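Given as structure tokens, the chain that follows is alone and in the form predicted on its own.
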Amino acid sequence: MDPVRRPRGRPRKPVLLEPAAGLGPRLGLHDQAAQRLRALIVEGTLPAGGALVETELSAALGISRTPLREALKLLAVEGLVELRPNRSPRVAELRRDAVSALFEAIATIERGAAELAALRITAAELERLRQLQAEMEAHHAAGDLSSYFALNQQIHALIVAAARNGPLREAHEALHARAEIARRRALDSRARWDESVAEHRAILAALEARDPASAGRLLADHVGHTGTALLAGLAEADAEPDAA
């Protein structure tokens, strides 16, 4: 049986698990399995709505079903997996009402973070943001979305960290996994990807100018635009006829 069931209206992608490599010793097996599965979900290899067959996933990851189930519980807490009684777990769907609420929350948190970061960010952190921006733009020019996205996530995390507010950072981290998959999906639109690069450039300029109002507004708008792009993509997918 295939470990992934194709969701309605979207092409199936292969599940790229490498059983020969196994999992390394530095993290617990369930943490490593969660890390691997999280990456596959974010990049779309395990697509939204796809069933997760435990026997095949445990074999592919080279672990028993006990740590796999613990990994799936972790991902369920993050909102990436749905655990269903007497049925296989599945990758959580991106639902439009949930996406709207998620991006509203993230925009509020990151607006506050950017406002504080504009006042508290260090010279070293600004230099790091400049480096990340330059690297990110190079990946954009090369069409390397995976590398671009990894740096994009680092930039958002660095801005939140530069706010130097523990509770705000904890609130942001609590939404991180769900935000990650949603942001990655939104960048499937090349037009949105192009806009995102320019928006990041403007956010960096506002932080360099130590302008809290502009930094907060620009980052909140950036998050909002990403949410709008994702909602448009979901609506388009919903309008597609079922695949034969």
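As the structure is a computational prediction, the values presented were derived from the model and not from experiment. Take the two forms, find the largest set of C-alpha atoms that superpose within 1.5 Å, and that set is the rigid core. Residue positions are given as counts along the sequence shown, with the first one as 1.
Another form, the form predicted together with a further copy of the same chain, is not on view; read the next lines as being about it.
Proximity to a further copy of the same chain in the predicted complex holds for none of E43, V91 and E137, with the criterion being a heavy atom within 4.5 Å.
In the predicted complex, a further copy of the same chain lies within 4.5 Å of some heavy atom of L175. Heavy atoms of E104 reach within 4.5 Å of a further copy of the same chain in the predicted complex, making it an interface residue. Taking non-hydrogen atoms only, E199 never approaches a further copy of the same chain to within 4.5 angstroms in the predicted complex. Shown alone here, R69 lies within 4.5 Å of a further copy of the same chain in the predicted complex, counting heavy atoms only. Shown alone, this chain has one stretch from 154-162, 106-114, 141-149, 128-136 that lies within 4.5 Å of a further copy of the same chain in the predicted complex by heavy atoms: 106-114.
Of the candidates H30, R36, R183, R192, H30 is the one whose heavy atoms come within 4.5 Å of a further copy of the same chain in the predicted complex; the others do not. Shown here without a further copy of the same chain, the chain has R69, E70, K73, L74, V77 in 58-83 lying with a heavy atom within 4.5 Å of that partner in the predicted complex. Once the rigid core is used as the reference frame, the Cα position of G112 differs between the shown form and the other one by less than 2 Å. Here I121 does not count as shifted, since its C-alpha moves by less than 2 Å between the shown form and the other one after the core is aligned. In the core-superposed comparison between the shown form and the other one, the C-alpha atom of R38 has shifted by at least 2 angstroms. Compared with the form shown here, the Cα atoms of P167 and E78 move at least 3 Å closer together in the predicted complex.
Compared with the form shown, the A150-R38 C-alpha separation increases in the predicted complex, the change being 3 Å or greater.
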